[in-house]
Structure formats: C-alpha cells, structure tokens
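What follows is one chain in structure tokens, specifically the form predicted alone.
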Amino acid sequence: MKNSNGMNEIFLSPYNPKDTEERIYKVWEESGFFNPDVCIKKGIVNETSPAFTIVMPPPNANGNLHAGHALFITVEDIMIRFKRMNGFKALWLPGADHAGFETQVVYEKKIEKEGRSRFGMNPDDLYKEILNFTLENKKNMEMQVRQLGASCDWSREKFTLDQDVVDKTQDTFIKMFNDGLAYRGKRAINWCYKHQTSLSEVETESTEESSTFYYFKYGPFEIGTVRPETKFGDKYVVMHPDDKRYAEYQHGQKIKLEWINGPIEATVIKDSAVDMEFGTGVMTITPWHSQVDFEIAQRHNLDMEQIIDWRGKLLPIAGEFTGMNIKDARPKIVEKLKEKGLLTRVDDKYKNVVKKCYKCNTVIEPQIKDQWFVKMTPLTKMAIESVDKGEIKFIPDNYEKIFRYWMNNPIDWNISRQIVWGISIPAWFRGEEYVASKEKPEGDGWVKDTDTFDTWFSSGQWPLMMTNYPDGADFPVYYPSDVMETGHDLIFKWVPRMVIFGLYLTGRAPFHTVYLHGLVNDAQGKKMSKSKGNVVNPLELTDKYGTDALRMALIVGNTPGTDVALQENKVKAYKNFANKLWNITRFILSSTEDFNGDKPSPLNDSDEKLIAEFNELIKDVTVDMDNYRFYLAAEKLYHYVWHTFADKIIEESKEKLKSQNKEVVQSIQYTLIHILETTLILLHPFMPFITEEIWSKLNKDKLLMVTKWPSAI
C-alpha cells in the first residue's frame, strides 16, 4: 500500500502499448508463472490447491490468427488469470493443429499458383513440403498467440503431429478395431471430386437451392429427378408396397422399356422407403450415387454400378456421353430424352438441398467406396448418459438441445481421408484381408493403407493428449479439464468427439463445462470472408490500439453463444479507456506522494461509504466471474472506473486533498490508492498489459498476474 516511489516519470507521457506489451509478456514468460509447477515451487499455490485446467482449441497451423482466435484467446485467458489469482493450480494447455484436409487445401492453392498440382507429386515429397509450410506457420501463429496476452504454459505445448500424439491416435484406432467399433466396409460416402477425398457429414455444408426437376417416362411409370446424369444404370423401379396406385405390379416383376441408350429390362422393387406423397410415388434408383438408393439395394441384394468416376466424369456406361463432366452432360442428356419422347414435364422452381464440400464449394458426389468407419451409436449413448447425469453443462444452456440432437441421431463416422497430410491409418491389406496394426503383419503380400485419419479423429482426443493420457504425471491432476471454451459452430463437430473419446477411453467426460462463444463478424454484423473483402486482422487492431483495447472490445457486451460485430470504433473507445486508467494513476500518484502507507483509523465517513460501495462491486464482479459472465464483469468495471472512480470520486477528492486537516487528506489518499490498486487486480484478467505495467510502478514485490484476487474488506 505504501507509495514510496512517488510520481514516476513514465506517467508524464500517454500510455503507449507498443512500449509495453512485448516487454511485459517476456517478464511473464520468464517468471515461469504460466506453469503451475513453478507457482507451487515459488509458494504462489500449494500442492493441495485445487486444479483448474483449460485445453486450448489448437489453432490451425496454416496461416495467421483471425478474429475468432482473438476472441477465444481473450475468453480463455480471462478464465485462467482469474483462477490463478484465486489460488488455483491454473493450467492452460496450448497447442497447434496440423488440420489435415484444411491445411492440404491451403497448400494446394499455394502450389496451384505455382503451376503445380499435388496429383503429379510424389506423396512423400508433398508431405515434406506441407510439413515445412506448417511448421513455419506454427511459429508465426504461436508468436501471435503471445501478442494477444495468452498466459498459457508453453512448456507443455503440443502439436497434433507430435510423435506421442500420432502413436496414441493410432493406438485408439487399433483398440476400437479390436472392440468392434471401427470397421471397414463399402458404403455411400461424401466424395469431393475436386480434392479427391471422402468427407464426413460435418465436413459438408447443405444449402437450399432452386433446381430444375425433370419428369421422364419410364415404361408405364413417370419418374422424377434433378440428376438425369446418374440414370444410365437405373434398372430398378421402386414403389411403396402399400401404394394402391401400383397394386397391379408385383415385387420382382420384369418390365421392358425404352431408356436413354436404348431398350432395357427393369425390375419392380417394393420398399417402404419410398415416400408415396412425393412426386408420383415411383422412383428409379442409382445405388452407387445415393445413400437412400444404396440402402434399398442392400436390403434387396441388388446390383450396383458406378456411373460417375472419381473426377466427376461419366463412365462408359453412359455411351456417347462417356468422359463428359456431369455438369456439361446434364442438358445434353435431357435433350436426348426429349427427342426420344421420354421427357414429360419440367419444374423450374424445385427447391432441394444440395450438399457441398465445406472448403471448395464443390457439389458432393455420393460414391460407394471401401472406407474406415466408426460405429457411433454405442459411443453417443455414453455421451447422452453423461449429460443426463449432469456431468457436462453447456453455456449457454440451449446448446445442450443441439448436442443431444446430434447424439440421438448418429451416423457412422467415415474417418478415412485420401490425402497425404495427416496421421496415417495403421492398417494393412492383402486381397480381401485387412488388419489394424502399426507393424506389417507376417507373410507376403501385405500393403500399407495410404489413407489418413479425419482430423477430428486425433483432435477429438485432444484433452487426453494434452494431459498425457494414460500414464503421464499430469493426467491424474489435470484430467478431466474444467472448461472447454470454443466456437458455437463446433457443438456438433469437435465437442461430441471429445466427449465420446473421453468416455470411451477413461470412463470420464473430458470437461465439466462447455462454454460456447459466437462468431466474430465485421462491423456490419456480416460474416467475414476473403471473397467479401471484409476480413479484420486482429493483430492490425492491436498494433493500432493495443491488445487490452481489443480484448475489452471483444468481451464487453459479448454474451456466450451470440455472434459479435467487431467494430474498430469500439476498439478505439477502449484504447481511450486504457488512457483513462493511465491518467487516473498519474493523478493518484501525484496526489499521494506524502502518504505514509498506513490505513487511517478511522476513515472519514464519506470514504468508508466509498469503500463499502466498492466492496459491493468486488462481490458483484467476483460472482459474475465465477459464473462465466465475463461480459458483465468487464462492463461493470469499465463503468465504475470511468463514471464513478474518475468522474465522481477523483473529482470530489480534489477538494479533500486541499484540506488543511491531515486526517481528511490521509483518509482520501488511502481510499484513492486502495481503489486504484484493487481495480488493477480486478481489471487484470481483461486488460493484463496496462494493469501489469501500472502495477510494476507501484513498488510491488510480486507480479500482478499472481497477486491474490481481492475480497471485500
């Protein structure tokens, strides 16, 4: 409390973040206090202190941080600093994601500009190039995380391609294979023919579009489709067994008819999957290029033939259209059917849902392919039971319904990717035989699987990897972690996979709270995208206004799960707030140079009242922090500092400081210093740089980042 340093010359100039932030972060990092082991060693916390753990969602190591990264780093750093100051063994585990398919897409764009293609490259050479590219980006990304003030334990940092992560990921697959949860089979998969790989359901985006719906004469029936290019192999006509309109037709009945490339013989199939209310209630099936048709064909043991190749072109079954891209072939096929008198009508206003690759917007082509799958039903059942028991809560709580929906409607997960970048699937093939193994099986003829895992298969185990499951020293102390803070768009992608892997491998959910933030949009509330040219680089804003200003702009008014508009004027306003705090400090230091540091007894009644009111703020803010209402805590502190402390208390103190009564002067001096110092502690999780800088000028014996959180006095 003693102000023996007096007015420091540094406060004679305005606050300049550029002079402060890099220097202060270096002090923090060199102190070792990001590491709870060091905090224990130096007596900041005890071995028996409660642990508080956050596992950082690993940013993709393929480019610069974006505004969404800045938000999650801010929120998580607020959590970890608050808990550290409250005496917890606070551990924030940082990492970086190799981001399989996404990174390969980024790199493919890079080499396309160089006139190269990955399809003409040696896979090992391509892997090495992407590795070098990723590691360089990883260094840059980690530097940017530091710039944003992240107080994470860099000594425990991991990369999703570290050897121990690779080994454990492959071990999990082998265990799942042996437990009957991972299997290989031919199924309809989502195929991106631009990138030549299969994708899981969560890697596709479904959009409603207006399409042309064509009706064709198919023997005595009328069928409809938006994809006439798939119809060359259609030789089964399907109807509901209860549809009275088609009662005269028998299951298995053969019908001769004219079709695209001449006469064919079709077989009648009766199946309850047909929607009698849609169209004419009759459809032909293309089992190789439709999941629904594939399931019908499986039930009735029907033939399946590929019509479209892996590059989106028609195969020889299409006759004169062989080799044509399906988009180009469609109007020509329709014209031929029209000339043959088989086009009956057209609906140009048909609304249908089109599934596309989430990275390149290519329309997904369903294909039948041997792939590795994970049986999801037994795993999602465990996840639902965990939520039912109250082991996991969601902030905001309405996201629990979304989580439950995905867990109650599981689809077996295709984990195979036909790309070189990622963790290889430990499997071997010999003819129809296959085994899951890291080592080549005994005997001749075994060929290594060339596929890699879906990124979510490794990142789904991230809380386990980061705490060194199963036998690392951190695992019993820091697993399960406390909070998984991530974007609300990952509620059906990443979050469920972490839950099911945690439960499957340890019997415990990997975290007890899921805190979901919204998207960071541009100033007009529109989603940022490079094509729109509205992407805001958070590091440009920190360079202009300081990291503390950006952090406050991202958190104030930002309720969990709600998208936030990043407005430069808002960041600028919090730069002004930082200056206000700086000026407040200058005034108080210059006004308390002769203060002896002792608390007067008693304080003046007016000062007792000010401190009592301030105590209520401490209690209020602490309750908000404990309940993850950071947006409220930050706003309350902002208004108190600006409108109560600066505008009211300091202004009124100016007359008191002129008093000839020494007790009056010492009372207000104590009050001003007490409120300033305590406010710095309360603001530190939100504005760590300026608060630490001011704290360092107050002759304190330890860093603000490990100073005890205040309680009301």
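Just count from 1 along the sequence shown to find any residue number. Everything numeric in this text was worked out from a predicted model, so none of it was measured.
Another form, the form predicted together with the RNA, is not on view; read the next lines as being about it.
At least one heavy atom of residue 291 is located within 4.5 Å of the RNA in the predicted complex. Proximity of residue 395 to the RNA in the predicted complex: non-hydrogen atoms within 4.5 Å are absent; the residue sits far from the partner.
Heavy atoms of residue 404 never reach within 4.5 Å of the RNA in the predicted complex, leaving it off the interface. Of the heavy atoms in residue 353, some are within 4.5 Å of the RNA in the predicted complex. Each of 275, 586 and 624 comes within 4.5 Å of the RNA in the predicted complex, counting any heavy atom. Checking 172 to 180, 575 to 583, 309 to 317, 509 to 517 against the RNA in the predicted complex, the stretch whose residues place heavy atoms within 4.5 Å of it is 575 to 583.
Site annotation in the predicted complex: the residue of 254, 440, 639, 338 reaching within 4.5 Å of the RNA with a heavy atom is 639. A heavy atom within 4.5 Å of the RNA in the predicted complex is found for exactly one of 650, 664, 40, 67: 650. Contacts between stretch 628 to 648 and the RNA, counted in the predicted complex as any heavy atom lying within 4.5 Å, involve 629, 631, 632, 635, 636, 638, 639, 642, 643, 646, 647, listed in sequence order.
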